[in-house]
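Shown here is one chain on its own, the form predicted on its own, set out as structure tokens.
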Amino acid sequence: MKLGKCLVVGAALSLALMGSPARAGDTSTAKDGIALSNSYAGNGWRQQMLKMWGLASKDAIKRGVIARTKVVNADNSAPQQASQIGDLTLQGWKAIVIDAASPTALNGVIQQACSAHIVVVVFDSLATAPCAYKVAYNYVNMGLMEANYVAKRLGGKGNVLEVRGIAGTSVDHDIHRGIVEGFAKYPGIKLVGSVHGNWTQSIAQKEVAGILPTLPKVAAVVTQGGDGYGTYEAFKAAGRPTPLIIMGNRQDELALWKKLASAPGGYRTFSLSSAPGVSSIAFWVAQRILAGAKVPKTVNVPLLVIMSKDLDAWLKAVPPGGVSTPLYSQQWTERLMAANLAHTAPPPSPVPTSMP
């Protein structure tokens, strides 16, 4: 994926078209319910993701498209999440949407739900159960994009620190894989350290601060989102020069980027991440399956990439503590599914002026 094809210009929340009444084809789902099983709610991305789910489901209930929804959160525990999914299955939910704690540990309980004729959609951090529909980002490509950008900026030589996400998730595994594969083409680039920041600024700061005394000069830091600001604070507290840090679309990271870029000498980087609004896509995918629509088994979603020319627009749109994201409507999701079925480019991301 080329950076130019990933650009999303301006800030992102479009509620347009979401107030239209339920269609005749949707009446079969008017009494149905869609539940969300979320593995972890301990960072800003996940909190924003839950908010986007709430907005999408509220709209659907208001229009009579579905009757009810429910959200359950596991404490980053695959056994706890499996138990919760089993409970949702017994409760008779028509569809269960899952942000998974593990690629494989939930497969058994997912298959049980599928066998009970429940629609299962996994998104963001995926499970590999064959019966589940998937709403997927190419996280390997995210790692490749970071590695290629850093290698080119460093002229193919330099020490790099990797800040990873939550261990055991498919997201962390895939981004790490892309980074390793990307740097393999540049023998002068050395990964001199790796820590798990759990996509959380405070944890990233603590973990980076702990490893810095053992590291040589670090020229760049590759990240997974929600860790750029904490990484900067750790380098600052250690009295080390600020390296090239890949940002992750959080407001504090974007504000830091703006501050550094405005200082003498400037600062160049870029920012990318999955968008927490992907939960609204997963919601509408589940709803369209229940309504009998033709849906691809895997719905691929483009990453949200922010370049310097878009920085000011995003800063105007994202509130303090927020994460850059669109809220995807039913109509936009249908266009995305159609593009996936036709193997064509995805529709442009919604571009409003502010975030809820």
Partner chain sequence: MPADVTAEMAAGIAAGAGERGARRAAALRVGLPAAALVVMLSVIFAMQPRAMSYFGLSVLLNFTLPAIFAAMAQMAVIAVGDIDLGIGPFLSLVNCIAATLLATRPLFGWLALAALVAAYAGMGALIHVRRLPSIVVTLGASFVWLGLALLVLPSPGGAPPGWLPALFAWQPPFVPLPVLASILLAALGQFLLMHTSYGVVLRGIGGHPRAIARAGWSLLAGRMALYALAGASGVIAGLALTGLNTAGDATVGAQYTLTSIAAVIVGGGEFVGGIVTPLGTVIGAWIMLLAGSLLSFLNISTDWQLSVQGGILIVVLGLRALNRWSAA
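Computed from a predicted structure; not experimentally measured. Residue numbers count along the first chain shown, from 1.
Although it is not shown, the form predicted together with its partner chain is what the next lines describe.
Discussion item. Partner absent here, but in the predicted complex, which of 72-80, 151-159, 276-284, 196-204 has residues with a heavy atom within 4.5 Å of its partner chain?
Written reply: Going through the listed ranges, the match is 72-80.
Practice prompt. Using heavy atoms only and a 4.5 Å cut-off, decide whether all three of G228, G239 and Q251 touch its partner chain in the predicted complex.
Written response: Contact check failed for every one of G228, G239 and Q251.
Discussion item. Is it the case that V109, even though its partner is missing from this view, gets within 4.5 Å of its partner chain in the predicted complex, heavy atoms only?
Written reply: Heavy-atom contact with its partner chain at 4.5 Å: present for V109.
Worksheet item: Any of the heavy atoms of S262 lying within 4.5 Å of its partner chain in the predicted complex?
Response: Heavy-atom contact with its partner chain at 4.5 Å: absent for S262.
Fill in: Contact test in the predicted complex: V192 vs its partner chain, heavy atoms, 4.5 Å
No, no contact at 4.5 Å.
Item to complete: Although its partner chain is absent from this view, report whether A105 comes within 4.5 Å of it in the predicted complex, heavy atoms only.
Response: Contact with its partner chain, yes.
Fill in: Contact residue in the predicted complex, from A116, V180, I211, V140 (heavy atom within 4.5 Å of its partner chain)
So the residue touching its partner chain in the predicted complex, by this definition, is A116.
Discussion item. Just to confirm, with a 4.5 Å cut-off on non-hydrogen atoms, which of G266, G188, G92, P216 contacts its partner chain in the predicted complex?
Written reply: When its partner chain is considered in the predicted complex, the option within 4.5 Å is G92.
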